[in-house]
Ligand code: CP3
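Only one chain is given next, in structure tokens, and it is the form predicted alone.
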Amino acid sequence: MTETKPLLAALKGTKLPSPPIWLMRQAGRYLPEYREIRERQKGFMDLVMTPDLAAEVTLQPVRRFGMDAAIVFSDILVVPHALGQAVNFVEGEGPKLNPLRSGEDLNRLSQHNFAALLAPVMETLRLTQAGLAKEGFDKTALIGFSGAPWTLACYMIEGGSSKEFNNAKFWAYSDPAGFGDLIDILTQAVTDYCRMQIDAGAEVIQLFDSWAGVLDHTLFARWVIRPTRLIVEALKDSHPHIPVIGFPRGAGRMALDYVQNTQIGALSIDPQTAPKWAATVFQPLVPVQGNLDPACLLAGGLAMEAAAEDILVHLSKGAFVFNLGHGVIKETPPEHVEELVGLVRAWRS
């Protein structure tokens, strides 16, 4: 193994005796030390845009659990924010945006202040890298991330979260040219944002396409695969040494097309993907990350042990990163996370 950081080694195709582990949303509301900081901030975005506090939050799960990665504490909706779309987080309701519904609404978007508005996230990355070095976490990798264009478009068009994102799908079906203009804007913005994060210290990029699973195969190819491929190609051109993890949540069997046609460096899989099938279908092509059900982590105990062992049995035979199939649920006891990390650390394939 030439890489000293286990996560980077695994993402470059090395099979390790004990897989590296980090968890999506590992920094956040389930940790009492996070809640203590959050209570002093007016709003969620205030915390995201306060670099010294965001860096501290990023480091908290690394200190507590010894994770193999720190993922910068931020949110995918900083990209619409930086493009000039108003974004607010309402307690108990989630994100609220001033929705886009037609090509004319794209005139409200601009990259004029894009870099300046995202500068706090870059400072968070720099402070986190410095903190990892200062505290002796020399084998912990730093992950930057972005929402993928389709998922960002979903929130920007819907004005918040949804189960089906019918407004976004309606626009994609009824006005593909106008919708394509939005996707083009987002593809360039995500590329720029990822490059900025890498220049600020990110060693890995993860692209979250959280709502990829609401699309049929035709729209999936056009609005998930194509823009992702353009982003990955651009990042390989400018930063060829940086691995890119793709997470097309809910894609099911379409995830194979995603792997084969986007050039991503690793695939993050959701809980609905059987580990045995993933090991057979995906792992010969790319390293795999995943995929414990967050609700199973919430439950803990024998159910969690059995599910984690099933994942480890099948996926530890190849290049693999242990993770959840989505983010940590806020009610999760930290003791369950500690138990899971211990279980993975003790595993030997």
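Being a predicted model, the structure only gives us computed values, none of them experimental. When you see a residue number, it is the position in the sequence shown, counting from 1.
Below, we turn to the form predicted together with ligand CP3, even though it does not appear here.
For the chain shown alone, Trp171 is not a contact residue for ligand CP3 in the predicted complex, no non-hydrogen atom being within 4.5 angstroms.
At the 4.5 Å threshold, heavy atoms of Asp75 reach ligand CP3 in the predicted complex. Not displayed here, ligand CP3 is approached by Pro95 to within 4.5 Å at the level of heavy atoms in the predicted complex. Heavy atoms of Trp277 never reach within 4.5 Å of ligand CP3 in the predicted complex, leaving it off the interface. For the options Gln188, Ser110, Ser161, Gln272, the residue carrying a heavy atom within 4.5 angstroms of ligand CP3 in the predicted complex is Ser161.
With the partner omitted from this view, the residue of Ala212, Ile71, Val79, Leu267 that lies near ligand CP3 in the predicted complex is Ile71 [heavy atom within 4.5 Å]. Picking from 29 to 37, 310 to 318, 290 to 298, 277 to 285 the stretch near ligand CP3 in the predicted complex, with a 4.5 Å limit on heavy atoms, gives 29 to 37. Within 4.5 Å of ligand CP3 in the predicted complex, a heavy atom is found for every one of Phe89, Phe145 and His326.
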